[in-house]
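Here you get one chain, nothing else, as structure tokens; it is the form predicted alone.
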């Protein structure tokens, strides 16, 4: 049975063959530890690390490659900023579609009297910028915005939000886990202070890669590192280095994975991101248009197509989500994602809690045939009359 992969919001698959080739080449030709030695393999690893840093910086419009900090994933990056920047008594404004990568650290920080509020929005969760200012308090210290929802694909107006935040001298953290690689992002033009990304989604890198790009106005002196340790620099001191990127990069980095990340970004650049996004948008719109026409199917997506990313969710009335997803997999080879998608805040807002939804996410590797198979399968499920799994 042919696999129809629709779980690209969790991690993209397949990866471009160049990604695997780059990782293998790094293991073979640069197997040393970057910054930890002067022999040829360590130097080769260091050169690759700099190339990855430079590639990421250019991709996001950052002029200084050393303002790129690598972490294991977006979750680590978000924890670093929230726990390193916020202080007791601070207040945070978030979108209604945040992932638990944001909400669980904030819930933990609530024990330190750090409060959060949800910004007002339209029915699809897109923030209403006209209603932001009344939400800002004297102790508001940070905006945290999920750039593209991993539940319904809504893209937030980051530029407009940042202008308001900056007018009150409040920095903005943009969680670009879903958008990085599929939505054009320029860190300074968009007014992002802390750009968080993960490598394994639309950047086509491997799992275990991610990081932060620091905006030109971001003050790293205000942020305490999440961890301390060896950096390969100023090794005569016990104190953690206070300069980028070393301040936040303790321990050996995943140089093999990062070389794959660079290969993924290079693949996007070679294939022209705007063209890839345009082709994907056309296919996604066909998918959405036909799904919306099916009786008993409720679709969760952006109200306006120009605000729609490559992700959407659905439920089929009176049909258990788990049963539906299992049937799609076993009978049709369609791999989707069912449940709350680690985003209960979003599902509460969309009134799909606690059952969640069935999520579909396309990629540049998704074909028209894939979409047709999915549409036909969803029609079959929606037309079922009797089953023990009906609610």
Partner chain sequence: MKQYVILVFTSSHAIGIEQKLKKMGVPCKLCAIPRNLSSDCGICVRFDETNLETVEALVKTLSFDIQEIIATNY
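Source: prediction; values computed, not measured. Numbering follows the first chain given and starts at 1.
This next part talks about the form predicted together with the partner chain, which is not shown.
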| query | finding |
| --- | --- |
| Residue stretch of 208-216, 235-243, 116-124, 96-104 approaching the partner chain in the predicted bound form, non-hydrogen atom distance within 4.5 Å | 235-243 |
| Partner proximity in the predicted bound form: residue 51 to the partner chain, non-hydrogen atom cutoff 4.5 Å | yes |
| Contact label in the predicted bound form: residue 38 to the partner chain, heavy atom within 4.5 Å | yes |
| In the predicted bound form, residue 323 touching the partner chain (heavy atom, 4.5 Å) | no |
| Interface membership of residue 355, the partner chain in the predicted bound form, 4.5 Å heavy atom rule | no |
| Partner-contacting position among 57, 335, 340, 43 - heavy atom within 4.5 Å of the partner chain in the predicted bound form | 43 |
| Stretch 55-78: residues contacting the partner chain in the predicted bound form, 4.5 Å heavy atom cut-off | 64, 66 |
